[in-house]
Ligand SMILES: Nc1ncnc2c1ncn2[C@@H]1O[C@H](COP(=O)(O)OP(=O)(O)OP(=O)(O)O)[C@@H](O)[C@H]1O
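Okay, here we've got a single chain as structure tokens, the form predicted on its own, with questions on binding and movement later.
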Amino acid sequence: MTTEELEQLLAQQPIALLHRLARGRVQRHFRTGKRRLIELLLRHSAENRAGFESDLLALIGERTARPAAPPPRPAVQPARHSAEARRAASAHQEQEPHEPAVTLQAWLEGIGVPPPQPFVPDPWQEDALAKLQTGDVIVSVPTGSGKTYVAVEAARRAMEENRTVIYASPLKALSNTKFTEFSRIFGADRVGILTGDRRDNGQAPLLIMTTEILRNLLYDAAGGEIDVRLDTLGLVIMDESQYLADPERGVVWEETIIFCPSQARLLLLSASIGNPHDIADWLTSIRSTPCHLIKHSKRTVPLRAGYLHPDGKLTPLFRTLGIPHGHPGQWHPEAKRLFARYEDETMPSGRRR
């Protein structure tokens, strides 16, 4: 079919089908409106038009082949079907809860800057610092829970003992941010940075660098060329340590851990390690000190999900104040209405349902 015919056929399909077609073809397609999604699909179809058309027709055929909905049951059911009717009614209640959905005012309540109050470390933070005295530590806690406090306090204690501290991150941008942050906390004369683009104050007791730079320094030390004072190294902080699972860069994290001097403590920070127990067991097996796992699952700052329509209309995404676990279909009624309206508005003129 021609490009124009293909475009018309795509415009006739519901956006849910287009999202299924975009899987593996268009990145972040769920953030794209229907008109823009059609443009991206047409652009991608130029690479393999035949395969694209085949997949599209298959999805259309699958949709049209679905059996028609059964006719509604009579209001009065025979006695022998009463149990089945109760089960169906119960299932319907689970899909469409009777309790009223959260209001926008209730959803926004409490959002803002909290009032100033004295800082008190959480028990898991104190536990992590205590365990770091006897071995390596993996901190696996949600984003925003306070991993940076553990890193800062551990670095402070190590420098008070005249030990060198290295903070390694996967990104130059994050390294630059931490350099600014730690310089403000500890003083510019006590913090240095080593990346592929910058080399400032390389003899400072606290060095910020990318993980690749740290791995290379450890390689040089193994070959007899020591670029930093590894003999005084007391603490290595590895941020975003879920990169251990990265297919391309994970080997850098593994080699860094393997070559890390035995006298230095390892502090691994992450919010998204799927198997922290396995990582802790692995570190214990290859290092001379045990590895302790500090795992905390409760979010200090709870998440709320909302939907902002292009016209500025804001509504909760779910019926509940928080994000429901295991019930992703409990959409807020207003969000469902705005979804349908957005789909209708983004369809080409003359093709709206």
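Since we're looking at a predicted model, the values are computed, not measured. Start at 1 with the first residue shown and count on from there.
The form predicted together with the named molecule is left out here; the points below concern that form.
Look at 128-136, 141-149, 189-197, 255-263: in the predicted bound form, residues with non-hydrogen atoms within 4.5 angstroms of the named molecule sit in 141-149. The closest non-hydrogen atom of residue 220 lies beyond 4.5 Å of the named molecule in the predicted bound form.
Shown alone here, residue 122 lies within 4.5 Å of the named molecule in the predicted bound form, counting heavy atoms only.
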